[in-house]
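Only one chain comes next, encoded as structure tokens, the form predicted on its own.
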Amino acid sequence: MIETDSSLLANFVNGNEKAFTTLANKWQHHILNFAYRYLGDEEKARDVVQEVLLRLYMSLKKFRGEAKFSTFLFRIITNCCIDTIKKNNHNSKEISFEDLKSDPDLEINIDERTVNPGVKNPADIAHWNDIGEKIRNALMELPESQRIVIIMKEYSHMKFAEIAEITETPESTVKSRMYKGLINLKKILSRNGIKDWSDIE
């Protein structure tokens, strides 16, 4: 029988350390995937995974289920990513997860769309690598509030309601940021030689 997050949490709180290991194994790929796209650096993303799991371990026994586990987890992931940015950019503005609710102009780095899995020949691979680099650079130019929504929606496949809960902003605001982010992304990509959305599908 497949154990749910809820049952694993209950077992861990009741003293079953193996339950946390199972939970960590279940989620570590999602954590790495999100952190890599957020930071654009595999080594830093792997460090974030370890930090997230440590913070998760330390805080789970205080978790009372006021929010879904996934919401609770992604708040930790986002905070860890923000802390990583702060540590590696001493001249940057001090930011926190709370800032994402009110400041639309904060900027941090994230990664590009993954290479199209249908690509087979070297010319196509080179083409998609170039497209990926342009997308990464374009995403880096977006305001943080727009960038984080695009990552959560397009890469983590979250629903607008989930993103709203995680970022603690109204769903209408999340949708607005997504819309504006995609418009801005298209403008930036167009400026960098990608004139048609079909080029990146």
Partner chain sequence: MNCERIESLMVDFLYGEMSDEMSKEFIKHLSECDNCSRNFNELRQVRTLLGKIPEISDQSLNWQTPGENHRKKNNHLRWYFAAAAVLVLTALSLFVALNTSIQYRQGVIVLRFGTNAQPVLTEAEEKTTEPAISSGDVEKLIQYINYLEEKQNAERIIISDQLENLASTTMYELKKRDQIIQLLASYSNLNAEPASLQER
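Rigid core: the largest C-alpha set superposing within 1.5 Å between the two forms. Residue numbers count along the first chain shown, from 1. Just so it is clear, the model here is predicted, and its values are computed rather than measured.
Not on display, but discussed next: the form predicted in complex with its partner chain.
None of the heavy atoms of Leu9 is located within 4.5 Å of its partner chain in the model of the complex.
In the model of the complex, its partner chain lies within 4.5 Å of some heavy atom of Thr21. Of the heavy atoms in Thr71, none are within 4.5 Å of its partner chain in the model of the complex. Although the partner is absent here, Ile166 sits far enough away that none of its heavy atoms falls within 4.5 Å of its partner chain in the model of the complex. Although its partner chain is not shown here, in the model of the complex the stretch 35-69 places heavy atoms of Tyr36, Arg37, Glu42, Arg46, Val49, Gln50, Glu51, Leu53, Leu54, Arg55, Tyr57, Met58, Ser59, Lys62, Arg64 within 4.5 Å of it, in sequence order. If you fit the rigid core between this form and the one not shown, you'll see the Cα of Asn11 move by less than 2 angstroms.
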